[in-house]
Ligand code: NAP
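Let's start with one chain on its own, the form predicted alone, as structure tokens.
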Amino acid sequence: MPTPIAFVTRLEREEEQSWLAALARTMPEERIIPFRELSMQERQEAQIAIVANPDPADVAALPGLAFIHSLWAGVERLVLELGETAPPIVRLVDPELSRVMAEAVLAWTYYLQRDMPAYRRSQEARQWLPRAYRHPADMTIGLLGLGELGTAAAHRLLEAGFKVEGWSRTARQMTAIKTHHGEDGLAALLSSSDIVVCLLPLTSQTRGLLNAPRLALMPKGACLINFARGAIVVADDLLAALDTEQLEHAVLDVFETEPLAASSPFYAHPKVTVLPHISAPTTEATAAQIVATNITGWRKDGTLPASIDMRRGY
């Protein structure tokens, strides 16, 4: 009988049970047991932990882990809380997640391209004010982050007729997309983009990346979409850029503290669209199948799934 798999989460009980059912359907031969139900012997025996926002103390109580498999694509919280001495961490790489994120990027890019925030303000003021149409081919969308999510979003935007540029930490080449890297490349992308879409992981290098000097590089009247992590954008600097009309609008799906407090100035700001972290929800069925494939491979021949670089944070 295979060693038990620890399921370590801080999810609400109903959501945890839903994930357990999905995982059990894809791995009926495995014993996937919530951490609180593991015996002391099972905690010693467990070689794999499947996690979703786990309590670090619970993970530390599993001394025999060969690897940790996250149910989320973002792993910065795991890196921060577990530290560099943690077992290898495997993040979720799900093509369905990339598809859903690309769908969201295109949808909210259209929202800005077609001036929907301005039309909403006109409606509230009971004004009939048609605006000139902007063709996608006349607009440049700058993507910050060219990983799986950024690559999928870039292709979706290209198919819709937008000009697309991308920025990554290190140099990358992509067909039909002008790519940038490094500090000079970041400045070049920001200064040429009508809409900047942030899809970067949160690391020590990206925290506070979009601050006042960098927002000032964007063309006057440009827009920002942040679907990455809230701490990448300096909130006060963004509000100032909107108030001075340096930026026209911001679509924000992520915030440094979530849920966003009711007192946040973002809610009432006329040039901000607040979303409750819904741009790319994880799909249980596809995510569970990917986790199962990785675990089955490891059980078969000991091949460790691709894990993150703890020093880089992703």
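Note that residue numbering begins at 1 and tracks the sequence as displayed. Please read all numbers here as calculations on a predicted model, not as lab measurements.
What comes next is about the form predicted together with this ligand, which does not appear here.
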property: Every residue of R114, G142 and E248 near this ligand in the predicted complex, heavy atom within 4.5 Å; result: no
property: Residue among A73, A188, A222, I89 with a heavy atom within 4.5 Å of this ligand in the predicted complex; result: A73
property: One residue of Q47, S279, T273, Q289 in contact with this ligand, assessed in the predicted complex (non-hydrogen atom, 4.5 angstroms); result: S279
property: Segment that reaches this ligand in the predicted complex - one of 189-197, 210-218, 119-127, 73-81, heavy atoms within 4.5 Å; result: 73-81
property: Residue contact check: T206 to this ligand in the predicted complex, 4.5 Å heavy atom; result: yes
property: Partner proximity in the predicted complex: G147 to this ligand, non-hydrogen atom cutoff 4.5 Å; result: yes
property: is_contact(K163, this ligand) in the predicted complex, heavy atom dist at most 4.5 Å; result: no
property: Contact of K178 with this ligand in the predicted complex (heavy atom, 4.5 Å); result: no
property: Residues in 213-235 close to this ligand in the predicted complex, defined by a heavy atom within 4.5 Å, in order; result: F227, A228, R229
